[in-house]
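Take a look at this single chain in structure tokens; it is the form predicted alone.
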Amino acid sequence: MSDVAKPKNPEDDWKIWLVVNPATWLMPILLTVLAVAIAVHWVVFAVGLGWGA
């Protein structure tokens, strides 16, 4: 493992897009983020920590 170069961030951050193709994964990622945000808001309002807290 010593011959493997360690990543130099942020210079090597662009390499993630060689694995995660935005044309394929951008919309599913954004929809997942939207679903998580809606779920968090739903829980917060259900617990009673909404606008009138």
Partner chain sequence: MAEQSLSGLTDQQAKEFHEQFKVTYTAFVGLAALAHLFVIAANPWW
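Computed from a predicted structure; not experimentally measured. Positions refer to the first chain, counted from 1.
One more form of this protein, predicted in complex with its partner chain, exists but is not displayed; see below.
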**OP:** Answer for residue 32 alone: is it within 4.5 Å of its partner chain in the predicted bound form, judged on heavy atom distances?
**Re:** no
Original post:
Quick one: does residue 17 come within 4.5 Å of its partner chain in the predicted bound form, counting heavy atoms only?
Top reply: yes
Original post:
Counting only non-hydrogen atoms and a 4.5 angstroms cut-off, does residue 7 reach its partner chain in the predicted bound form?
Top reply: no
**OP:** Would you check, heavy atoms only and a 4.5 Å threshold, whether residue 46 touches its partner chain in the predicted bound form?
**Re:** no
